[in-house]
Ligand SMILES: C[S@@+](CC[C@H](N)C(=O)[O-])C[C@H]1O[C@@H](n2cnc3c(N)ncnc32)[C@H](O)[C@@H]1O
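Only one chain comes next, encoded as structure tokens, the form predicted on its own.
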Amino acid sequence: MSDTTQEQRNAFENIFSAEAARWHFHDTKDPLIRYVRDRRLHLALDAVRKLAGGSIESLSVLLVCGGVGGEATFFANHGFSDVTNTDFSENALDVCRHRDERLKIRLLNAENMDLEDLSYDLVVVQDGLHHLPRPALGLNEMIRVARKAVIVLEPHTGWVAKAIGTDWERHGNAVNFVYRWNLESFRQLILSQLLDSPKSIRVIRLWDHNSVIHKIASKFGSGSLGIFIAKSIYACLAPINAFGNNFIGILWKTP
């Protein structure tokens, strides 16, 4: 493990050392929080179902940079029975172990996963690659380990990111560059690894500001009216999704 990765690990061990109650939002039943939190994951799963041509709940799932397991719980709640949450923070996985007993856990370095090729059907990361010292290595590993599909939910590069985004992320002594993706960077990295093997690549660009949208919509309550307001805001933004701040990248390995 490089010095940079070890510093990052030390920083996140400290972040995840707090009491488990700090992460209660992952398990909330509040419908508005669930909508804004899970919106991108639902869009990603819908896209994978279309590429698969049907149900995908029988697939084994590996969450990369999964922290305390919020995304892994999402998959377990939506019918996936074989879900493994991974992180390089032992404290995060300890919280995950107590949060959701349905989940399997593994201590893994996302840049160099101790897993055989094609170990899991579906490999997923949400807002984790941009924390890595070398994000491209993380995606390379995800592609290597995935039998069928990869889902990447990360910030999108573009003028919005350049205008208001942060280039450097600091956690104690750990510093990393905030890498943002687009179709071409995602596509080229996949092609360089899989060459001309059959595959489908799908990218969705969209606006997603879950904390801001929640703050606005919650003024109308957390029930159906609040959700309607949140959906209405995103509907208004949809015509300019081509300039959005978020990226959903999907690789489907065609049989």
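Counting begins at 1, following the sequence as shown. Just so it is clear, the model here is predicted, and its values are computed rather than measured.
Separately, the form predicted in complex with this ligand exists; it is not shown, and the next lines address it.
- Exactly one listed residue, out of Arg37, His209, Arg205, Arg202, brings a non-hydrogen atom to within 4.5 Å of this ligand in the predicted bound form: Arg37.
- Checked against this ligand in the predicted bound form, the residues Thr73, Thr157, Gln126, Ser185 give one hit for a heavy atom within 4.5 Å, which is Gln126.
- Although the partner is absent here, Asn140 lies well away from this ligand in the predicted bound form, with no heavy atom inside 4.5 Å.
- Contact check for Phe88: a non-hydrogen atom falls within 4.5 Å of this ligand in the predicted bound form.
- Proximity of Leu122 to this ligand in the predicted bound form: non-hydrogen atoms within 4.5 Å are absent; the residue sits far from the partner.
- Though the partner is left out of this view, Phe12 does reach within 4.5 Å of this ligand in the predicted bound form, counting heavy atoms only.
- The partner is not drawn, yet in the predicted bound form one stretch among 104 to 112, 160 to 168, 177 to 185, 74 to 82 has residues with heavy atoms inside 4.5 Å of this ligand: 104 to 112.
- In sequence order, Cys65, Gly66, Gly67, Glu71 are the residues of 39 to 73 having a heavy atom within 4.5 Å of this ligand in the predicted bound form; the partner itself is omitted from this view.
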